[in-house]
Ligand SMILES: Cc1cc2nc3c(=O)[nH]c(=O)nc-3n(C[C@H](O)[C@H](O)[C@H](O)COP(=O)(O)O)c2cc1C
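Next up is one chain by itself, shown in structure tokens, the form predicted alone.
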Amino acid sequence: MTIPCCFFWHLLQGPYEPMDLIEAIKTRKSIRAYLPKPVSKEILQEILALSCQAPSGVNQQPWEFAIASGHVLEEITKRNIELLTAGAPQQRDYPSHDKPKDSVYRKRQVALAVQLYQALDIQRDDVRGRFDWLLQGAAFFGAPAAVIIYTDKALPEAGPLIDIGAVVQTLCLGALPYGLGTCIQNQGVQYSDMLRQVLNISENKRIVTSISIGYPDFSHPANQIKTGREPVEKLSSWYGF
């Protein structure tokens, strides 16, 4: 049975449009360009409250949020771009690992890059164009708000990641009925020490990822693409059916 989002949205008071849950899952995609329109604190609070209903093993709820907008997000963006332009090495609490060469994971990553660069008319040998696009990511693609998600270092390093994945997915789906788009971005947390300084995040916390959030600019070519997914038949093995 299809359960409409409005089944649980009746608890909230906000400018949302009820959306079928299955439709939301199928249509959600990464938004990499946003309109210059602010998102209110009240709407963000409602979306975060909904996201905290995500499943959590033994109800540990290992997630915490720092929400940046306005001059604070501008400061983070400015420093991100300065560090990236200066060639500063990445300093993530969860290091980014290269995909194994010739693996299917690497091939999927490359396929996405090809889609994006073709949509943006960035040629393979256009080093400056590629770097400028990298800077757009460091600037949260112009989103009016960003959510930084972190957890406690008292927990095992990998322990909270499944729960945090659940809260991230719930947040991204919960944004859709408000007409908002999101992009999950490890690029936004590539300089953890800088984020701790600007957002006053304790050294006892481990920064996991970030989410850009705002009203999508669907006229931008980067928002025209839709990534494919492998058929479930290729990814699953069935037993006892």
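Sequential numbering from 1, following the sequence displayed. Just so it is clear, the structure is predicted and the values come from calculations on it, not from any experiment.
Just so you know, the form predicted together with the ligand exists too; it's not on screen, but the next bit is about it.
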Q.
Given a 4.5 Å cut-off on heavy atoms, tell me which of 40-48, 199-207, 61-69, 27-35 is the interface stretch with the ligand in the model of the complex.
A. 27-35
Q.
Under a 4.5 angstroms heavy atom criterion, identify the one residue in Leu112, Ala88, Leu155, Ala119 near the ligand in the model of the complex.
A. Leu112
Q) Taking heavy atoms and a 4.5 Å cut-off, does Cys183 contact the ligand in the model of the complex? A) yes
Q. Should Ser192 be counted as a contact of the ligand in the model of the complex, where contact means heavy atoms within 4.5 Å?
A. no
Q. If you check in the model of the complex, is Phe141 within 4.5 Å of the ligand, heavy atoms only?
A. yes
Q. Is Thr227 a contact residue for the ligand in the model of the complex, using a 4.5 Å heavy atom cut-off?
A. yes
